[in-house]
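A lone chain, given as structure tokens: the form predicted on its own.
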């Protein structure tokens, strides 16, 4: 058996194990037999059943979808821009989602309504819809501008400018808001897998999974793009269509995840590099499933760490992913040939 296939099988086999650990461990440890009874029989403690069904399983499912989507989005961005430090938030999609939430929570008097509610999802589906709208707005602006840009470097600069503008608007909203509203918004920026209902997860999965399948179907074209646009044209690849499709899928995946969870740092940027280091290949036929599986395992592990088993507090997921994934980015910078010259 070839090593890449063996590694993919190993990561796929680890996934249900890490998923179960994420359900079992937390501020309240749940015995494995209770989880087993909940999944495969009706006999389960009422208390444990409530915790598992209302808190642990939804949280683990959101972490799973996040780990699948963001690395694939980051991989597409890195291939498209030929930049190892590109990530899913590079075109301002995440800041667009932040703008949507800022308008929802900091403007129009919504802060008072939210003050008495659990901020983990900012009053339920309303903030999710606003985050999605903000992210999609920036994504559509990028897609409108992209066909007019003949090189990826210019498009990258345009994306950074979009991000700067939206960040400035968010800063203005924070400046004119009261401290309580600002605190609520800042909590959202830390990222969270908690408080999302199963109905929301169903919507999330119905968008993320088809987008992942479409992206996997692009693997031959992405491989050709690695060798240069002229070479890809020689193979019959429509560069204009590929650019549009790559930007659309990468931005779409990042937009959906950010809308539901808040910004999750470094996962999309770092995981593709971990996949390249382990599998030692640039073939997207391997890298896309590898990045998704590694990402799912790692984000579930980060979620487990964030819950601090045995303690009553939980760390923001954005803090944990940054601590775990940022060293990978530092390693990539120092190992790059450009920085060794």
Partner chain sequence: MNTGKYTAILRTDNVTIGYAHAKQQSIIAQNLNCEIFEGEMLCLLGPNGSGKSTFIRSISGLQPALSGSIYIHNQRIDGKNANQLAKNMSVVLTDTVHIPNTTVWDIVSYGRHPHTNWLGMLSETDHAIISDAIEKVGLTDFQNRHLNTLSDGEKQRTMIAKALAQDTDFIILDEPTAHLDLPNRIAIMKLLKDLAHSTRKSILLSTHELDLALQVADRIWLMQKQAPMLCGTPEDLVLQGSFQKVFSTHAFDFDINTGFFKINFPVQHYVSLSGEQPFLLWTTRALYKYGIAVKDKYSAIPHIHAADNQWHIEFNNKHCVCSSIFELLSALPQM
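The shown structure was predicted, so the numbers you read here are calculated from the model rather than taken from an experiment. Numbering follows the first chain given and starts at 1.
Not pictured, yet referred to below: the form predicted together with the partner chain.
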Sort through 154, 171, 230, 164 and report the residue having a heavy atom within 4.5 Å of the partner chain in the predicted bound form.
230
Contact residue in the predicted bound form, chosen from 224, 196, 208, 142 - any heavy atom within 4.5 Å of the partner chain
224
Check whether residue 219 has any heavy atom within 4.5 Å of a heavy atom of the partner chain in the predicted bound form, and answer yes or no.
yes
So, in the predicted bound form, is residue 29 in contact with the partner chain at a 4.5 angstroms heavy atom limit?
no
Find out whether any non-hydrogen atom of residue 281 is located within 4.5 angstroms of the partner chain in the predicted bound form, and reply yes or no.
yes
Even though the partner isn't displayed, in the predicted bound form is residue 147 close enough to the partner chain, meaning a heavy atom within 4.5 Å?
no
In the predicted bound form, do 82, 236 and 276 all put a heavy atom within 4.5 Å of the partner chain?
yes
One stretch from 90 to 98, 244 to 252, 210 to 218, 179 to 187 that, in the predicted bound form, holds residues within 4.5 Å of the partner chain by heavy atom
210 to 218
